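Just the one chain here, laid out as structure tokens, in the form predicted alone.
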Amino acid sequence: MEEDVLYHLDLGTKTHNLPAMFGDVKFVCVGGSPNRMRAFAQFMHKELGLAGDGEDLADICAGTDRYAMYRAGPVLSISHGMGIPSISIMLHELIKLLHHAKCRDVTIIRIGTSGGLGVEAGSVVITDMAVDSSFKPRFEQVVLDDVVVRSTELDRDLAEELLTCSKEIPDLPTLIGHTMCTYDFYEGQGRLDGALCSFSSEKKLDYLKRAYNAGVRNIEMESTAFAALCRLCGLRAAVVCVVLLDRLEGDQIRAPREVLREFQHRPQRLIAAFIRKRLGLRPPAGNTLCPTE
């Protein structure tokens, strides 16, 4: 194309110098909430010891209300909204952005929240394989009038590297497991507290226990699309989500807000430690998270 307009990011190859803006990006972190990804960029700004306090970080995608994007040194922090359609749109344009910017050796990580299966609230799950609602490692995408099935395996070495890093961080229970991705928060995840309820509590528990026995340790709504697109485009990718509740014990998230805020910060702490270690940086003063070897 003579020009590539990244419409939903409010960027383009003619309107912006993408290599100058993004060419040295090495880590891309994506998550659902614009506010959370701004907070993560500010956190990374401090963790990397960059000049200033990071409070005035500008939204690179300020011209659109679809997504928000922030930069902290070699780290790009982007929101993707909720669900497969929303993250898919963002990823297509993000991957083209990285191509146009001539980025190399990029690692992309989804940071999020999830419901757990047989896992204590506050635990961090690193995904080894994203599975669909039938517990299969696949993502089905309708292309024209064909159903295309794509693999959803993630980089196992990267998952193990993250797990190793987590062991150096106090009070951060972390495990590797399958992540089930659904198209819906309520019926699709077997909840009985939505507007519709078409199954019994016995059927729900039977389904969730079968998911657990298949290796599923948490449930969210983006990982299969994320894994499939990153794999097809040759990006090293990981999914790191904190568990807000154990779905075998209930459907509603009842933890106090301050507890949930601390939980949501746990994947960010892990990813910050991982990035610092990759860059050979020591933890900031007073921080003993994942020291460099």
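Start at 1 and count along the sequence shown; that's the residue number. Here the structure is a predicted model, which is why all the values come from computation and not from measurement.
Keep in mind the form predicted together with a small molecule is missing from the figure; the text below concerns it.
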Please name which of the stretches 63 to 71, 221 to 229, 254 to 262, 44 to 52 has residues with heavy atoms lying within 4.5 Å of the small molecule in the predicted bound form. 221 to 229
Just give me the single entry in Ile111, Leu208, Val119, Met129 that has a non-hydrogen atom within 4.5 angstroms of the small molecule in the predicted bound form. Ile111
Between Gly188, Gly81, Pro173, Gly194, only one gets a heavy atom within 4.5 angstroms of the small molecule in the predicted bound form; which residue is that? Gly81
4.5 angstroms heavy atom contact with the small molecule in the predicted bound form for Gly31: yes
Even though the partner isn't displayed, in the predicted bound form is Arg266 close enough to the small molecule, meaning a heavy atom within 4.5 Å? no
